[in-house]
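What follows is a single chain, given as structure tokens, in the form predicted alone.
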């Protein structure tokens, strides 16, 4: 099993690289950087890498995690610089370290949701605060895995904390910590549910950024 982990950022135009293309990008980068890593066995071996909790297309992040197995002959400290020289603009390795904690312990994701609100910002914030503060608020999300074709999500139970802040450029940011997995709550599903609940308070634009990965206690997961 892989025992090494990368934390990397995905920003700018790289936000529109799909998960599968990102996997291929890293596979090629390891080769170009001449970094020896573990491969699967069999007739058609391929690099043994995996990205935890794939990021939605169009989202940016500063805390993506990639697992792999570094073979002897290279120090972990060398990996970020060598990979960054081989990766495209917008994908940047921040650190390489031993992956000691299993990914299943990753419980929460800290997001910044930037809202373009030229008018009516205070009303939208008040309405969204009311919805997020409810004891229960169940919405249906389409799912190919569910027999019924949808799964029920009780949103307040999947939100650990949230705050609103004003940005200098006139946007309002919702900083929110959401359940990561089993099940997880994608922030775009949350925003869609909120805009459906309050159709008269639509933001002009929405941008999503993943800021940090957290364990069940709300501490930084590494």
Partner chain sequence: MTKELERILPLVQKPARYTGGEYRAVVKDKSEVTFRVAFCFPDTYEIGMSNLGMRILYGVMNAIPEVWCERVFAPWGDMEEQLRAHGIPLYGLESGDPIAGFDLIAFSVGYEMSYTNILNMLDLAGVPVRREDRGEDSPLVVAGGTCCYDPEPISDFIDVFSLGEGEEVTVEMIRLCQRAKAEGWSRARLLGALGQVPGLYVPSLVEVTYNDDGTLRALTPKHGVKLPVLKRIVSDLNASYFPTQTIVPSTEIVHDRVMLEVFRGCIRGCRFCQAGYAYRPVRAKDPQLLVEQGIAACKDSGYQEMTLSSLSTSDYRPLERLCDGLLDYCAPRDIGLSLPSLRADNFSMGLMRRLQATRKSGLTFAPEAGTQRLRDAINKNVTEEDLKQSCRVAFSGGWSSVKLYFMLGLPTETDEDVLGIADLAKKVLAWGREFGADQRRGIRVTVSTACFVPKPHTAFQWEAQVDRAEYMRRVTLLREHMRDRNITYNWHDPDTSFLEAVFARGDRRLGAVIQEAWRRGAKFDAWSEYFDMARWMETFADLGVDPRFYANRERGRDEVFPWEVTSVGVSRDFFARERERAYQAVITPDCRRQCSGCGANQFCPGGVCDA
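Keep in mind the model is a prediction, meaning the values are calculated, not measured. Numbering follows the first chain given and starts at 1.
Keep in mind the form predicted together with its partner chain is missing from the figure; the text below concerns it.
- Not displayed here, its partner chain is kept clear of residue 78 by more than 4.5 Å at the level of heavy atoms in the predicted complex.
- Under a 4.5 angstroms non-hydrogen atom cutoff, its partner chain in the predicted complex lacks residue 112 among its neighbouring residues.
- When its partner chain is considered in the predicted complex, residue 89 lines it closely, a heavy atom lying within 4.5 Å.
- Contact check for residue 214: every heavy atom lies farther than 4.5 Å from its partner chain in the predicted complex.
- Taken together, 57, 116 and 207 are fully in contact with its partner chain in the predicted complex: each brings a heavy atom within 4.5 Å.
- The stretch from 29 to 37, 61 to 69, 157 to 165, 179 to 187 that comes within 4.5 Å of its partner chain in the predicted complex, counting heavy atoms only, is 29 to 37.
- With contact defined as any non-hydrogen atom lying within 4.5 angstroms of its partner chain in the predicted complex, the stretch 58 to 72 contains no contacting residue.
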